[in-house]
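Shown below, as structure tokens, is a lone chain in the form predicted on its own; questions about how it binds or moves come after it.
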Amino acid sequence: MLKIDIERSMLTSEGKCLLKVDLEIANNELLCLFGHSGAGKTTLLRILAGLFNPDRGFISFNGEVWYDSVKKINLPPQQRNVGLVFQDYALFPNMTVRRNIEFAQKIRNADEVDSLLSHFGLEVLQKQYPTKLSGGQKQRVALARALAAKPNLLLLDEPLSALDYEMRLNLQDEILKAHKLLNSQTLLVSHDKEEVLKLADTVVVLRNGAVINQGRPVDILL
């Protein structure tokens, strides 16, 4: 169970607003954060990853406290064991596909790398460098690398937004595959209704930092 109860001031294109989120996310749930640009979706992901701090609040994962403003607890990112996939993939350009995945492992295990390469159809590309890959191929490498660290929590920040429609459809299946392989919670940021309806167990709608709706995607978005 991921428990979130945080507040953080934000400065958006429309001025200042307060990100205020109080959520509980069950194990094995794929939750989508949905809303327009500036709603606070990416900020919340970065707070969960430990890259941003809330102004106040509390975050715990399966009973372990990650952040508590009252007790002055704030685990650094490396102790939260979170996998974060950015919009721009953030692959290491000087490393091959295989080396990018290996780099994320806490303990080197060639068999697990082989398994991830197979799951994401990357075997024939494992010796290639990111500059030689298409957008879709880079995304699959980014997902495989995120899973190589065996994260407690997978955070996906609009990972398909830069791809064309057909490629997005194909890679949505890869996201579901990654979620099932992880067997834990996944939070996906998206502003694409079709994507949310296909992928999410639960959708949380944010507007100007506030949660304005929450529930099953078919009940909220249709």
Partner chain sequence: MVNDSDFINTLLLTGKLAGWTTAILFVIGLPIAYVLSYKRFWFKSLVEALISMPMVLPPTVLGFYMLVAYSPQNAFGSFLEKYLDVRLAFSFEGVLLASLVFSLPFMIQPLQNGLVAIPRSLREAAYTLGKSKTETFFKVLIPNMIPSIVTALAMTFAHCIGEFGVVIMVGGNMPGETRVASIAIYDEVQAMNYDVANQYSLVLFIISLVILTVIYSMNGKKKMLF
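Just so you know, these numbers come straight off a predicted model, no measurement behind them. Residue numbers count along the first chain shown, from 1.
Absent from the display: the form predicted together with its partner chain. The rest refers to it.
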| property | result |
| --- | --- |
| Among the candidates Ser118, Ser134, Gln78, Asn109, the residue which, in the predicted complex, approaches its partner chain to within 4.5 Å (heavy atoms) | Gln78 |
| Answer range among 43-51, 184-192, 60-68, 169-177 for contact with its partner chain, defined in the predicted complex as heavy atoms within 4.5 Å | 43-51 |
| 4.5 Å heavy atom contact, Asp88 and its partner chain in the predicted complex | yes |
| Gln105, heavy atom within 4.5 angstroms of its partner chain in the predicted complex | yes |
| Contact label in the predicted complex: Met95 to its partner chain, heavy atom within 4.5 Å | yes |
| Leu125 within 4.5 Å of its partner chain in the predicted complex, heavy atoms | no |
